[in-house]
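To begin, one chain is listed below as structure tokens, in the form predicted on its own.
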Amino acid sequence: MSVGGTPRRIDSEGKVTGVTEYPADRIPPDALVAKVVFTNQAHARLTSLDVRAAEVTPGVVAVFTAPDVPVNVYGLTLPDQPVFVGTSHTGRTDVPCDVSRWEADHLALVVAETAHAADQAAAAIVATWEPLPVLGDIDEAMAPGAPLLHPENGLGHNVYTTYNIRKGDMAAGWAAAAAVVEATYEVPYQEHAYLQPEAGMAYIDDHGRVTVEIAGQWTHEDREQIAHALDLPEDEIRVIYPAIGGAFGGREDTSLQIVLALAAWRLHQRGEHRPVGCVWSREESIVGHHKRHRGRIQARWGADAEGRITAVESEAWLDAGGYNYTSNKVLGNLHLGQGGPYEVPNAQVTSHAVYTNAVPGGAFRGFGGPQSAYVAECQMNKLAEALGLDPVEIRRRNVLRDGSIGITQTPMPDGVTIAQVVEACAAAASTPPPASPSEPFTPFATLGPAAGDLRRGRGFACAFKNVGFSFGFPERCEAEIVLHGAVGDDAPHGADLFHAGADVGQGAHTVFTQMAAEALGLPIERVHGHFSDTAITGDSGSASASRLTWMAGNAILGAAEEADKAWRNGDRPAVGKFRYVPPPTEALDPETGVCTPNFSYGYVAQAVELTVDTGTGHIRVDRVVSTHDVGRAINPDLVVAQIEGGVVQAHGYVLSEDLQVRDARIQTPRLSTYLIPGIGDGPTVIEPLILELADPIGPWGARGMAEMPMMTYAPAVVAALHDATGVWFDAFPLTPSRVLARLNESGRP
């Protein structure tokens, strides 16, 4: 059987041998070279732009600016961003396009014979700017008299999206509380730092389609945005994803898609038919794409003497940066998660997205969930301490269960397993680890810790995370299966699977093939996949929201059934197409938040053990027990890989990754100053614990789980650090200097 097995990944040989082609590898030697010119202005109005010197630079083929774009505006969930900032533009847009609201806004695209010529031409562009006040953070953006970054929205302020939850009787909740804990939490940026910086090429294919080969997360959405900006029918645009070197939400929004398509299209009109390619440097990548949102959350929670939550009051602000990207959707997840995976009888939650001139926030593994889980789980651990309860016990008394009414006042989807996940994690954490740290903790190789400076601590946290798109966003996934055989054959001898879902390194295409083989009763080697090409694959939706296995599996099951019907009707080949649509969700009521937000959830709990050197502030995470209900592990090896990779990525978020932004400009645009974990920097022991408690409507019972390891790591580490030192940390990353300063400030040894 294919489902539940661990066949070799279908892309493994190519990646190991180096044969696999990523977008940069696909650019042919004769391709023209494109260079994106950033505005380098956090907030300024363009008063003049002269590209004549650039256009006559030797080797330059063309320079494209705002007037070249038919519809000079785009945006994944809100069209608020110009393709190019310019003094004038053609086409239709309601967004003022003469203002740079972010240092990486695009000013021009230079196309040349060589990279050197493109660089010279970019340097020859002369732009004159009228400086505008820079709103570097949410405080400056919300200050009285702050300039409006998007006056076109008519709101009169920079807080452009607000969600509410109003449930129960807050006065009664506070009156019933035996303990109340209150804190203000700061959550930081995080850079995606995927292996492959942005790269791609565009050309006109043999059918006259504007074709873009690039790394992304949703081919059909990329196609839609390109078609919109170029004012072309979607069937005249083709998007292909070669191998993708990581994404984590960082490729959810477009980067080079539109400008490369524009260049190939306009050059073709001028009789130039060579492909146009572009490869960003790591610095361009870090400066030029969105980040995990930074933000602030003020939280006040109450619980009765038995430890049961009586009231949750919370207000959150996310720094959206200069443009929305997916901030309005990330805000929804942050909003929903501020009550944790708990029964909350009385709640008042308000959440805001705020425009600033800083780097935009957008999709990143967990999609607002890690920020809200940090707050909710720190609050729960503080309540446990205030009431003298064990952190696991207080969760037992509060977690959601089947039939529970969620914080949005509608029933949870069937299959709530957070209680089982908590119990399994606690039990595993209570047993000795399979391996102990073999080396003494010595932050500096030549200087051991002072006597008494090493402290050990343990922490616990749990969470839930939606599987699939939320709050009424249209959700769907298409698959096509073609069965092959001769007339008279009892069974097909092979099958082709067509699916657009993006494999961003997680092994999705292997899993799709496994599920198709299982559904068809064929050996996996007889199923041939064709993936991520809008010319031949239907709309799969995005590789995000922990949805792809769940949605693709249901679509593949439907396509297999349709193909089987065609086979039994005598069709050769037998074609089955299916569009899966899950149960509907609903948008938040603007006043109360009442809605059915999601159709499925995944559940996670983590226990962390660490050692801290109180003399230097260095932390070593000794052990992580990461427990997940995955419903059904379609490929257990890939599930373990996702858990381990997610824990290490979360480890960097919490302990070392420190994106510095000053006056709305990134100060750490290189991996030498933005420190992702190296091979020796992660937790000493990671223990993945997989539960298979079926999702009632998941394919083979599967749940999504890719984002879950990110959700609870920060609060579990903070709880362990508090256990070791007696000090709470309401902000991170927990770099040694910050830890030491906080310990000194608290007066704790």
Partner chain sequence: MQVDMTVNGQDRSADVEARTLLVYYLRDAVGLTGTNVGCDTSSCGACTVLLNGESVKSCTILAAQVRGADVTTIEGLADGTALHPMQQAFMECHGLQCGYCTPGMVLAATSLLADNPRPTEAEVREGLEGNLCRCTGYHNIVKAVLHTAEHDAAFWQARASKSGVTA
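If you're wondering where the values come from, they're calculated on a predicted model, not measured in any experiment. Numbering follows the first chain given and starts at 1.
Not pictured, yet referred to below: the form predicted in complex with the partner chain.
Quiz item: With the cut-off set at 4.5 Å between non-hydrogen atoms, does P131 touch the partner chain in the predicted bound form?
Solution: Residue-level check for P131: no, no contact with the partner chain.
Self-check item: Interface membership of V648, the partner chain in the predicted bound form, 4.5 Å heavy atom rule
Solution: It does: once the partner chain is placed as it appears in the predicted bound form, V648 has a heavy atom within 4.5 Å of it.
Quiz item: Would D98 count as a contact of the partner chain in the predicted bound form, using a 4.5 angstroms cut-off between non-hydrogen atoms?
Solution: It does not: once the partner chain is placed as it appears in the predicted bound form, D98 has no heavy atom within 4.5 Å of it.
Quiz item: Is T431 a contact residue for the partner chain in the predicted bound form, using a 4.5 Å heavy atom cut-off?
Solution: It does not: once the partner chain is placed as it appears in the predicted bound form, T431 has no heavy atom within 4.5 Å of it.
Practice problem: Check each of H207, R670, R579, R456 and return the one that places a heavy atom within 4.5 angstroms of the partner chain in the predicted bound form. | Solution: Contact residue from the list: R670.
Self-check item: One residue of A419, A127, I676, V482 in contact with the partner chain, assessed in the predicted bound form (non-hydrogen atom, 4.5 angstroms)
Solution: Here the answer is residue option I676.
Self-check item: Interface stretch in the predicted bound form with the partner chain - options 255-263, 173-181, 565-573, 186-194, non-hydrogen atom within 4.5 Å
Solution: Checking each option against the 4.5 Å cut-off leaves 186-194.
Quiz prompt | Site test, R296, T350 and Y713 vs the partner chain in the predicted bound form, non-hydrogen atom cutoff 4.5 Å | solution = Not a single residue of the candidate spot has a heavy atom within 4.5 Å of the partner chain in the predicted bound form.
Quiz prompt | Residues from 2-21 in contact with the partner chain (non-hydrogen atom within 4.5 Å) in the predicted bound form | solution = Residues within 4.5 Å: P7, R8, R9, D11, S12, E13, K15, V16, T17, G18.
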